[in-house]
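The chain below stands alone and is given as structure tokens, in the form predicted on its own.
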Amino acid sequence: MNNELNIPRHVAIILDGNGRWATSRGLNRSLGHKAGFKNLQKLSKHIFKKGVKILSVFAFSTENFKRSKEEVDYLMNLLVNDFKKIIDKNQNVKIVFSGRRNNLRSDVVRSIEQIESTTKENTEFLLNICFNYGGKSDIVDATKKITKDILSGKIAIDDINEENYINYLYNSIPDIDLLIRTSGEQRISNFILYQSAYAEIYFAKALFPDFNCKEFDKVLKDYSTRDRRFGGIKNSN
């Protein structure tokens, strides 16, 4: 039972530390990504069982293309060959991908579309996989869509507000309640900038392959102690 905990509706995780996890063990960095994916399979199921409705994960950023060709190719192949394994028919999870697709390999795009199509009718939980994603590019691309709609006469400038702006982002997803970054790094690295405006942030020391269900439960307990005021103050009376 989770009665004693305040369960966030939307949790986001920056999956950091896979490469360092591998190199610290004398392994190729790519094997760290494989370990990270296996952990994500287990962890995502646990997170949804705790009552979280939306989980967003930062799997590959637009900046990650700066890494070695070997590592980038491995991550692309991981999506093509393994990401479909994250589909759980018993958990009713809809899976969507956020990010640019125009510069991805055609087989990667096909895999993304297949996963989305297979799970599109699921309604209880949402897994948002941010792949080839950047928070700034999300906002820039949304602004381009808005501009096109204004120029075509579909909407007026004054129709745009904070609430409906999200409809132009890669996916229309509610604000993040809890943002977690693993590996001890303390920055958000261009991840879901618009919907994280009032997110509670937790920097976990564990590298992502070691960030297990027990570690997540610790974060939940910490989150339950947070006083979320959204810029206001609590009534003292």
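So that there is no doubt, residue numbering starts at 1 and follows the sequence shown. Source: prediction; values computed, not measured.
Omitted here: the form predicted in complex with a small molecule. The next part is about that form.
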Sort through 196 to 204, 183 to 191, 38 to 46, 167 to 175 and report the only stretch with a non-hydrogen atom within 4.5 Å of the small molecule in the predicted complex. 183 to 191
Looking at the partner-bound form in the predicted complex, is N212 within 4.5 Å of the small molecule by any heavy atom? no
Answer yes if any heavy atom of R226 is within 4.5 Å of a heavy atom of the small molecule in the predicted complex; otherwise answer no. no
Is there a heavy atom of I95 lying 4.5 Å or less from a heavy atom of the small molecule in the predicted complex? no
Is D88 part of the interface with the small molecule in the predicted complex - any heavy atom within 4.5 Å? no
Among I146, L75, I129, L104, which has at least one heavy atom within 4.5 Å of the small molecule in the predicted complex? L75
